[in-house]
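Only one chain is included here, represented as structure tokens and corresponding to the form predicted on its own.
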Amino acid sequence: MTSAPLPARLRVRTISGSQHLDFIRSRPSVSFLQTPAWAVVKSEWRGESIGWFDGDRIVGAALVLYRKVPRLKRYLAYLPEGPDIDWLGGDLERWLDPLRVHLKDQGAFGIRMGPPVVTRRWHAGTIKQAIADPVLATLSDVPADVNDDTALAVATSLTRLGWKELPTEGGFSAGQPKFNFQVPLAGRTEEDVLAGMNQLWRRNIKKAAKAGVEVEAGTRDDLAEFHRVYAETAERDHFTPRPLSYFERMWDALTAEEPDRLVLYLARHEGDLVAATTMVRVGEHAWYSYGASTTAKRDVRGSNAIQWQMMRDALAAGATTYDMRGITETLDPADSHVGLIQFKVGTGGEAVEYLGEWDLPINRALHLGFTAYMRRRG
């Protein structure tokens, strides 16, 4: 009797930005937070592209962001919405053990990652009914329309390997959101997507067109105008805005990597800017990343017009997913956050739950101290 050959051991090592980008281009979809360009955007972190090698062949890749401990040459190694490896193929230890070894050699005291694995999905109709049901308070209280048992089993494997999921509040952790809202585009036409929206969304898109709202792609020079409206939105909605320099850095890094990686959208009414957004696309996945709107002229529905244009452009570019990013998991009509999910549900898409963010302490004392330090910084 002949035994089956053991799988070859994978090795992890640093790769160049061009090697990393070539691997990403061979994939249908990778988070834009895992592109080499994102290391340039997150200038307060040190970035490293790494690859998993099976022999000489790259079979997985990741962007690692290193955050230094004050006064020590030790780092938290963060892989936002990554790494890009075979999460569902089993034997995660084969992938994650060489990652731990490599990052420990780089001085990491702990690893944080966000597996890009979707575990559950709720369709728009299910969410709409759940919001109307006073018994249901969160998405987790609602039976999902789709459960991926293989994806759910990844959590069990991670726990067995010593990883711990970061706690979330309303679905949000310190890093990336666990719950997102996405509009599937695969196999659909513009007419299909429009027909999938609720009556209010379709009416508002028509209303914007009738009012003469025009949506156009902006240039780097238009970022300052975008930022003026973004700052107005931040004050109105009580969040801390990022500086203009952040968006300029984002523009420079992402468009240098791929000319159409980042697109700025501007919606105008009679010459007045009424809404502005950014869309990022990697392969078949398009993300609505930042949005802003003026308090004036809200009745011309610039926000609906600009979203519809982004969906049409994503569809035309071959995207299979239009991602509207994070939502909280609340379904409580009295919670102010429920308005966000109600707005997105009108597109006819679906809420998706990712596996969340996970930590692996390498040096437990440093990991505990750094986590407390970052929590105090907010």
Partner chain sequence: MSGGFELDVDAERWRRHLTTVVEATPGIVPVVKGNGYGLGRDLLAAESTRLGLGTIAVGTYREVPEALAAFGGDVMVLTPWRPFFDHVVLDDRVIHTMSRVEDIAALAAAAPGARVLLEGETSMARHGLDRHELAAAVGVLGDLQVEGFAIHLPLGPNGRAGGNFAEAQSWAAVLEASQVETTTLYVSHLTAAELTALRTHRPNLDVRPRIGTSLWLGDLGALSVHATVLDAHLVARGERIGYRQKPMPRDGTLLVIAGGTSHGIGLEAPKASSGAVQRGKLLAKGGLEAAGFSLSPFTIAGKQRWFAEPPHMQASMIFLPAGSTAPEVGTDVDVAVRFTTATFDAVNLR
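Residue numbers count along the first chain shown, from 1. Keep in mind it's a predicted model, so treat the numbers as computed, not measured.
Note that the form predicted together with its partner chain isn't included here; everything after this is about it.
Report whether all of 19, 49 and 59 sit within 4.5 Å of its partner chain in the model of the complex, measuring from non-hydrogen atoms.
-> Not one of the three qualifies.
The single option of 162, 143, 212, 259 touching its partner chain in the model of the complex, heavy atom within 4.5 Å = Exactly one listed residue reaches within 4.5 Å, namely 143.
So which of 136, 234, 154, 118 reaches within 4.5 angstroms of its partner chain in the model of the complex, heavy atom to heavy atom?
-> So the residue touching its partner chain in the model of the complex, by this definition, is 136.
Pick from 125-133, 250-258, 265-273, 214-222: which stretch has non-hydrogen atoms within 4.5 Å of its partner chain in the model of the complex?
-> Within 4.5 Å of the partner lies stretch 125-133.
Although its partner chain is absent from this view, report whether residue 147 comes within 4.5 Å of it in the model of the complex, heavy atoms only.
-> Contact check for residue 147: yes, within 4.5 Å of its partner chain in the model of the complex.
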